[in-house]
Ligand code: GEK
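The data below hold one chain only, encoded as structure tokens and taken in the form predicted alone.
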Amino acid sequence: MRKSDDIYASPLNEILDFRFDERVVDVFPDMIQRSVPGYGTLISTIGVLAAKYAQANTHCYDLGCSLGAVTLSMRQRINQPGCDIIAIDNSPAMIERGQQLLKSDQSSTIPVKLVCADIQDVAIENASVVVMNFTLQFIPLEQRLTLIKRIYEGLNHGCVLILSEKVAFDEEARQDFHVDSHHDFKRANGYSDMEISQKRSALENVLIPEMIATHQQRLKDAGFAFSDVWFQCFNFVSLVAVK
């Protein structure tokens, strides 16, 4: 049974920076579904895109895999001999729970390796698909281009990076519309104004969103020949970049 996210349901004397600890892991499936509009569609379609670009005898990476939703979606769709999935997260609690979920998955025989590590310390090699699903936003701004360049260099020609992010907008009216609509979405899913406010404060110094144009310029600077937004719901988008 899925546990309900009640982490910010009571008034907190001190709001600490958001962390992917045991508390979050316990409620993460509920949290992500109630917090990210279109999440189910996003995850299933990443699997479709992964199947389109995955190549035989290559690696597919899920960087910042959390409990492995993207990993499982790719595993269910990819059908290439010698292809495997490497899923990486720096939260031991996420990796441990993800291993339990993976054991119950009988959808495919595609090998999956779950690794507890900082994605900035992991080599990207012989890759046909790399996914960063709401991961880059937690990396310090000054380190993001270096990471994207490393991913580009590790991808084979014609292969893809799928990058999902919460984004910001430079026009005040657009920013207000998307932020307000996202909060309405959360209210519709049972979150109170206090929960929304406290979580926003916890994320303020941890999750740093950027504009879509900033992401696309960084992808271009890293060497990608093409990038485009393939999914958007309010201020949550996913881009695909082809080498």
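Keep in mind the model is a prediction, meaning the values are calculated, not measured. So that there is no doubt, residue numbering starts at 1 and follows the sequence shown.
A second form of this protein, the form predicted in complex with the ligand, is not displayed here; the remarks below concern that form.
In the model of the complex, at least one heavy atom of Q137 sits within 4.5 Å of a heavy atom of the ligand. Remark: A69 counts among the residues lining the ligand in the model of the complex, judged by a heavy atom distance of 4.5 Å or less.
The ligand in the model of the complex comes within 4.5 Å of no heavy atom belonging to F224. Contact check for Y191: every heavy atom lies farther than 4.5 Å from the ligand in the model of the complex. Checking M94, V167, I162, L155 against the ligand in the model of the complex, a heavy atom within 4.5 Å turns up for just one residue: M94. A single residue from the set I78, I151, I85, I119 has any heavy atom within 4.5 angstroms of the ligand in the model of the complex; that residue is I119.
Contact with the ligand in the model of the complex, defined as any heavy atom within 4.5 Å, is confined among 183-191, 61-69, 170-178, 208-216 to 61-69. Annotation: in the model of the complex, residues F20, I32 and N133 each come within 4.5 Å of the ligand through at least one heavy atom. Shown without its partner, the chain has I32, Y39, I43 in segment 29-50 as residues with a non-hydrogen atom within 4.5 angstroms of the ligand in the model of the complex.
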